[in-house]
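Presented below, as structure tokens, is a lone chain in the form predicted on its own.
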Amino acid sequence: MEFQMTSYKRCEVLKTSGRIDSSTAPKLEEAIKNVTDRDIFKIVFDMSDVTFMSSAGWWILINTQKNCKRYNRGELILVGVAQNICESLELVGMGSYFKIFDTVVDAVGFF
């Protein structure tokens, strides 16, 4: 699993593609940790090319959101979430936990 990172003045955009499951979730966690270790807590996660998200992936995003929001440092925003993935997020009751935008431009503009 490859990650593309783009730095903007106010945030970091992280993009990947494919499936995020128990075998690829540790790579997602490592990529996000590389961002937060640089004291960047305003993160946009572009999921427009992600086809599947397991609970392992959601736990990483939930923990990242907690870390980003701690001390009012920032937030994790999701972009381009597929309908089936969005439905799974709603199913577990976490739909309101993340801000979700349709485009990266809108998400970056939020910060």
Partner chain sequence: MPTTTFPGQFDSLGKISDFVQGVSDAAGLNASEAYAVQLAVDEACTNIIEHAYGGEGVGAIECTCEPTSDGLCIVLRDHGRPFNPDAVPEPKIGAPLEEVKPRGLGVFFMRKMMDEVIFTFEQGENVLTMLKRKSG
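Residue numbers count along the first chain shown, from 1. What you see is a predicted model; the values in this text were computed from it and never measured.
As for the form predicted in complex with its partner chain, it is not shown, yet the points below apply to it.
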| property | result |
| --- | --- |
| Its partner chain contact in the model of the complex: I100, any heavy atom under 4.5 Å | no |
| I85 within 4.5 Å of its partner chain in the model of the complex, heavy atoms | yes |
| Residue contact check: R19 to its partner chain in the model of the complex, 4.5 Å heavy atom | yes |
| Contact label in the model of the complex: V35 to its partner chain, heavy atom within 4.5 Å | no |
| Residues within 4.5 Å of its partner chain in the model of the complex, restricted to 59 to 84 and counted by heavy atom | W59, I62, Q65, K66, K69, R70, N84 |
